[in-house]
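Next up: just one chain, as structure tokens, the form predicted alone.
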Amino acid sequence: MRTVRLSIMGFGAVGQGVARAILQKKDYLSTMDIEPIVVGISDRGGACVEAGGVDLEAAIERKQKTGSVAASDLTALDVIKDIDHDIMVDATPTNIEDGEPGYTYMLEAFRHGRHVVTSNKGPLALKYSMLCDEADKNGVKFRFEATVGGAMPILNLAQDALAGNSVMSIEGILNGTCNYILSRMTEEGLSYKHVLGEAQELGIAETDPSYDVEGIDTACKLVILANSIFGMDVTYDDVDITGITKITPESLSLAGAEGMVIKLIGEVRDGNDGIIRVAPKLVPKNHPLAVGGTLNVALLRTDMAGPICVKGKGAGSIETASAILSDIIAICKNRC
């Protein structure tokens, strides 16, 4: 059995989801000769460290009772630098201003010979090339499936399952909050403000929903797709962004009368007419992109396989953790 030592930076919904996924899949992972041991967990309140493996159930319970996983005076950087482990999982929140603290955590992990798996979009949307260069320089792996589609495997699909194909374009719905709001407005003829309040009450939208409804979250995901799949060298500032805040029930009704729905579509296209943009777009009701609720969907157009469509849950604790776990397994299979 190959022991893989992990740290988890950030122990909110996603970080706890990773811990639960490791507990839930212990027997499955053992059939793959993988024994994951979490030796350190950090959140804003501090850290807990155990060389023989943190008690994950106790850590989750402590987080829920006290608001922090802290059981020592160590900081996140102490864990990354000084605690021996193979893979650092960064589940800290996205910060599009400067990518911190995830950006610093990733750099330190690379420089100390740790592989990195992340769900944090901010550092990749701002400094993708620098992070990849640093990982390469230190001979470690950098995987980030969870940054784009949550449980929906866009990166692995394009890079592994469709290896040998040239992906010419990707377009899709990459934000479940926006899709929920537009779906409810369409179905019920409700105002944006009303449905946003409903989404916030249900926990689908954040108290400050700007990252979602202004298209920022989708734009970050497009940057990651553009750089990792198309080999572009772009950042968040290169994306043309229009959100959903000005869409009215009347415009949705007019679209419906023409057999169309309005969706917030992110699009990346390679070539001389290269495009990277987020905007509301008319979509035929019977089109593969016309999914409802909180679902995400992506349509990849390839030269040999033709159009390939994938849809699924783009957010959620255990759903996002499933993508992180798949990246951890991929690193282990390559003998981390």
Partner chain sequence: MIVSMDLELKDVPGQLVRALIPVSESGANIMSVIHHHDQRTPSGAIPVQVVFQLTSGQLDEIIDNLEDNEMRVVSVDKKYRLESVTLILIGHIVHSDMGDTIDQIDSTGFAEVVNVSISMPGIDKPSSASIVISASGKSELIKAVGILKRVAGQKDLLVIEPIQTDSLR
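Small disclaimer: the values here were computed from a predicted structure and weren't measured. Numbering follows the first chain given and starts at 1.
Just so you know, the form predicted together with its partner chain exists too; it's not on screen, but the next bit is about it.
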For this session: Consider the chain as shown here, without its partner, and state which of 297, 34, 283, 56 has a heavy atom within 4.5 Å of its partner chain in the predicted bound form.
Result: 283
Exercise. Considering its partner chain in the predicted bound form, which of 86, 171, 134, 108 comes within 4.5 Å of it through any heavy atom?
Worked result: 171
Exercise. In terms of non-hydrogen atoms within 4.5 angstroms, which of the given stretches 43-51, 59-67, 26-34, 299-307 touches its partner chain in the predicted bound form?
Worked result: 299-307
Exercise. Contact between residue 193 and its partner chain in the predicted bound form at 4.5 Å, heavy atoms?
Worked result: no
For this session: Examine residue 130 and determine whether its closest non-hydrogen atom to its partner chain in the predicted bound form is within 4.5 angstroms.
Result: no
Problem set entry | 4.5 angstroms heavy atom contact with its partner chain in the predicted bound form for residue 262 | yes
For this session: May I ask you to state whether residue 276 is within 4.5 Å of its partner chain in the predicted bound form, using heavy atom distances?
Result: no
Seminar exercise, completed: Within 224-262, the residues having any heavy atom within 4.5 Å of its partner chain in the predicted bound form are 242, 246, 247, 248, 250, 251, 254, 255, 258, 260, 262
